[in-house]
Every structure is written in structure tokens, then in C-alpha cells.
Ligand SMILES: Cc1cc2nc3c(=O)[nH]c(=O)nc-3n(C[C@H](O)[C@H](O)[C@H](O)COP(=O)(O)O)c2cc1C
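The chain that follows stands alone, in the form predicted alone, written as C-alpha cells.
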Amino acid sequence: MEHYDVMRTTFAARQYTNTQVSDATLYRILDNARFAPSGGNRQGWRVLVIKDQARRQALREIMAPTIKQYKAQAMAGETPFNTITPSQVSAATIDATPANFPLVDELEQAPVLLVVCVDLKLVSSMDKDLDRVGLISGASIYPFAWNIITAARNEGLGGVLTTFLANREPQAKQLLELPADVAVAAMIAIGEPVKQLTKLKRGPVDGFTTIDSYSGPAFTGKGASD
């Protein structure tokens, strides 16, 4: 596929057909994804291919409390787990919320299930001393994770990246036998989508791009030289 076509048609595919994805195809996806950039080219990623059904079921159970909280906050009109506005959703409401969620309900049937981890000794966290949640460490792992998704799209497949598992990292680390300095970055499922979307909805460039400052004029792409 053309690169821009991949970018414009890669969506969060959570439902897959029964068609299996061969190990050779998955290897090819990872073989191309590994060319993602990372700080100092240290390539601190580690990918776990989860094939064991019992571990998949355990992952689903580990994520259940996080999904309940996510859904309860979203249904209340909040941005779930945001670090700025305190949640007004009660623990009782969260407990009463069902833990069902697309893909997670059929986790055992996903053709491919990956857990993407990162060695924290190999990433530079330039914002580690700021009084806010850290973001910069992700720059050395999420380009790689997204490369996996777009490589899958190039193979005619679909995928989705989720971060529910990171909220329950201690339990996930025990299940997956992760070393102390390795963090859970994402869980990625891949398969043949039940339906391939070809037109995605996104905001226009001039809705999120400004000139010179946050409150500057919108960038429209119509410069003086045009």
C-alpha cells in the first residue's frame, strides 16, 4: 500500500475473522516495525507473543477493574484516568459497572496478541523532575508500537493498541515474569478485521495547529509564497 493510504486507513480494529495470522507474517511485521526511532537508538523494546490461552484469560481478568473504572468515568462524561480533573465517580458506581469491552471479551480468540514492554534503563525521561505525569519516555516505545499496527495494515490486517494492562502493572509483571526495570507499555491485538474502514474521522489540521504560540493564529497551509 501507499504510505499515506496506510496512515489514512489504519483504525482501531477490535473484531477479527477466524482467519489465523501465521508466525511468518507476524515475524515480517516485527521485522519492519523494529526500524522505529528510539532515543539514542537504544531500542529498549521487548515484545511478548502471548499464545497460551490460560495467560490470555488471566490478562483479561487482570484488566477487568481498570475497564470498569474507565467505563464508569466515560459514562459520567469524564476523561478516564486524566491527571488534571479529579473524578467524581464513586467506588460503588465503578464496582457496579460491567467489565465487558470490545476485544477484551474475546481476548482468547484474537489471532495475535502482543504485550509490548520497555526497559526503563534504556529510555531518557527528560520530564522526570516535572510536577506532572511523565510523557517523554513514551517517545522511545510508542513509535515502535505504532509501526507494528501500520505494518499489520500493510499486510491487509488490522490491529488495536490498548493500555488497560499498564494500570495493573504489578499483576501483569508477575504473570508475565517481567524484570523489575521493565514496564508494560501496551497490549496489541492483530487479525483480519471483520470490516475494514476506509474513511476515518479526524479533526482538520487548522483545528490543532497554530503559529508561534498556543494561542496563535491557525496554520492553514496557505503561506505568503502560495
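Keep in mind that what you see is a predicted model, and the values were worked out from it rather than measured. In case it trips you up, residue 1 is the first one in the sequence shown, and so on.
Although it is not shown, the form predicted in complex with this ligand is what the next lines describe.
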query	finding
Which of 25-33, 50-58, 171-179, 197-205 sits within 4.5 Å of this ligand in the predicted complex, heavy atom basis	197-205
Distance check, Gln43 to this ligand in the predicted complex, heavy atom within 4.5 Å	no
In the predicted complex, Asn167 touching this ligand (heavy atom, 4.5 Å)	no
Any non-hydrogen atom of Ala64 within 4.5 angstroms of this ligand in the predicted complex	no
Partner proximity in the predicted complex: Leu161 to this ligand, non-hydrogen atom cutoff 4.5 Å	yes
Sequence-ordered list of residues in 1-22 near this ligand in the predicted complex, where near means a heavy atom within 4.5 Å	Thr10, Phe11, Ala12, Arg14
